[in-house]
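This document starts with two versions of one protein chain, written out as structure tokens and named structure 1 and structure 2.
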Structure 1
Amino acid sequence: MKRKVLFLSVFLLAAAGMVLPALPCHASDGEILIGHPACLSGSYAKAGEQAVGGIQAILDWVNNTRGGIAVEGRKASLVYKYYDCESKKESVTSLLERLITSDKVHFTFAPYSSGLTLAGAPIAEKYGMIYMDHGGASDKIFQQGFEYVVQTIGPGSLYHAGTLEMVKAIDPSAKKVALAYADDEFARSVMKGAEERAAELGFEIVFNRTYPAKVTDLTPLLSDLKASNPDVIIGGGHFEDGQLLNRQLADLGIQPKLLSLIAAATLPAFGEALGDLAEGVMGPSHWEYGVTFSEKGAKKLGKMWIGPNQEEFVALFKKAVGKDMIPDYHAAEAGAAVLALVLAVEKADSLDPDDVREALGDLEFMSFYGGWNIDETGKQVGHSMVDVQWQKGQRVIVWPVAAQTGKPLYPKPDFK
């Protein structure tokens, strides 16, 4: 793989009398540094806390159970350097520069969300730096020609495909679908995919609208949605707007057969915040506690296995965050991104970003998170999603049938 972007950057900066700092291509003092502008405050703090905990859990496993990473004839340990980007684009770019030029990290992880991942991608490209995307699902990220962005989370266009397939399978009489998504990079990607899949399955889209990402009142939009009398409502964006959407649907007495919200409904905090209003609400997830990926299952499929099993990961996550909190898919996908990097470094037997990027492109494996495999653009194509539903204060996997931990509650109970 040629570092065209880096070579062009070096040429342009040299012409201006500037030189890019050399990237560290060897493990100093037996350590491999991972840099991360993490979302520990601001809009994405809930997902960011999960992601950091997931990374720390897998670092613990790699360093203390696996014994490190075999590279260049010795074992190296992983060291995690992260700063709070406050869920702000300008902070992401400045912190990535700091991590690369001052902290001399070997590899970088993207922040949570598609918009922030996109904001940081040009910085990673400028320095020819591997940029592990654990929380940016927008398909647009992989349509820009970036060479160093590698995705573990699945593409946004597939988030609500399974949800619609479930409705079609269990209730052919449900015809009318309303789409109400946040107006940001990730949610628009999900919305486009949902619109296309709904049309393929023969649904009638009776409402199709976005709302501002920082919305504080959805009453006008939901009043119009109510008039369309949908059977199914799918939408959302992130935690805060997902909560608001759920609450105001209840306030307005809108009673769909199914309500599915991206990102928000899969977080433990969603059920805690909404209580009975969460009953029957669904959400697509990349991983849930109870999904039965295992080393034995990987062997049956002829796939390589790496990492802790589910119970070990959960225990390591709780240790990392210092509280009795079950990890969600934001934690699992971030941890799986670390495992991909470990395998790629060992496959390349190098820390050179071009060698590692080539190795990432050749990898196919399974972990507690499920399958992992990327296409030529770096987009994740080897991982499948599940749909979960809140039932009596717990998240239950209801689709696909092969992954179920419980039956779908359909139609969902009316809001009280």
Structure 2
Amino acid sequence: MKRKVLFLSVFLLAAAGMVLPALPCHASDGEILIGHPACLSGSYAKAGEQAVGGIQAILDWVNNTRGGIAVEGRKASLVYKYYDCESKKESVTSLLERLITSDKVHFTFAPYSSGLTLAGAPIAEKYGMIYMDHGGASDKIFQQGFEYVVQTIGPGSLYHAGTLEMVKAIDPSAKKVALAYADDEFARSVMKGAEERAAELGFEIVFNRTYPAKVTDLTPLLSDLKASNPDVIIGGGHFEDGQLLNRQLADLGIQPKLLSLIAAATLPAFGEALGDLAEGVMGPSHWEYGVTFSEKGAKKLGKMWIGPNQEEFVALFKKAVGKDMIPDYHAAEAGAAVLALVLAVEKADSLDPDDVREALGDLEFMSFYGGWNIDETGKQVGHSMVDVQWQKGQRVIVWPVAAQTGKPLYPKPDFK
């Protein structure tokens, strides 16, 4: 009997130890809470891990380097509270509501991807809570009449504008463009933008086909593409299929003058996975290690500057994730969203969501991430993208000229 009681009490203690962290944490007076139903497992785990790291890195900077946020006559520090939504739509709503009602956060962040961002939007709107969209690139989110959704990532339709301009500037004889991309909303909106841009610039689209997301073999599609003999291949969708596309182009001996892949090619893992085959492959990126945005540059343009410089951000990011990992644009855009909130709160001198939303609407600033400015629907319009290229195992920014860290390698060297 005694043993039973002992066991039971120890077990209860252990159970309590597990449940205690689940109790709601309320903000003390000097704290501003940011809540985030992040994607730490499931299909968006990769981007979600980056986003959480990026937010933590900027939090560290705001609290420790900047000394907090001046609001309503006091200095407040930022606190970050995140849960894992498993990249599942039905978990987003309940976790988001918990953050808003139990944890009483002041601002919320959306999970990654357009779909999950949309899943949480009705809840955020219901509670009149600012909802920072850092990973939902769809233009359609901002045609739905949401009032509290604020985008930091640039809209999908602009991804390849720079790439095509670069080809036109360097090699006017290259005319034939092939598009091969994942059949999902994001890649489709990117490629629709690319198609329109290509038409404006006088390119000819010789191939335009999709493949199902999560594909494992692209050979039939690429044999078809090979027959159209394109100068430029634009494509991709996510991480795995981008690697696959590049690899199988090489396997089939298709040699375009330029290959640009969305999402996949901008990540360090891409070069590691493909080795020499990545040489010369490009990708449009919202932000890249090596971009040259600086406080001085911002001053020249007459824009407000906030935040760490790039090196500081990378160091803070590594500290936050506890690994020697270079942040990619998912981290940068999530971090930049925090900076936007910081400025808006100070400008509004209030934590009231409506005041802050108004301040965000008027806000325009620069940071390590680049420009930030939203239109009246909350859509990001102030951020421009860069094009990166793999050169000798490094990612080099090759376009636009103003942001270059190296000359473009054109035509790209043939696959061996």
Partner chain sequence: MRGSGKYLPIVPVLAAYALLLLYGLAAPGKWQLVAQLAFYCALGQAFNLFMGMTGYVDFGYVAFLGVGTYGMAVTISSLSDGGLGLGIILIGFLAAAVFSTILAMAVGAVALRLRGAYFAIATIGVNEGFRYLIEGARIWNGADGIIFSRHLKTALGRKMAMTVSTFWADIFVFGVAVLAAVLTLYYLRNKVGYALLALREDEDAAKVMGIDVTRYKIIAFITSAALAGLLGASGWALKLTYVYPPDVFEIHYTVEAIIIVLLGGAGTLMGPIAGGLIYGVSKYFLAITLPGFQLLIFAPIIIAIIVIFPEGLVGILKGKVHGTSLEKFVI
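All of these numbers come straight from a predicted model, not from anything done at the bench. Each residue is numbered by where it sits in the sequence of structure 1, with counting from 1.
Here the form predicted in complex with the partner chain appears as structure 2, and structure 1 shows the other form of the same chain. The listed options are 285, 39, 76, 327, and the one placed at a hinge of the rigid-part motion between structure 1 and structure 2 is 285. The interdomain rotation between structure 1 and structure 2, with the chain split into two rigid parts and fitted on C-alpha atoms, amounts to 10°.
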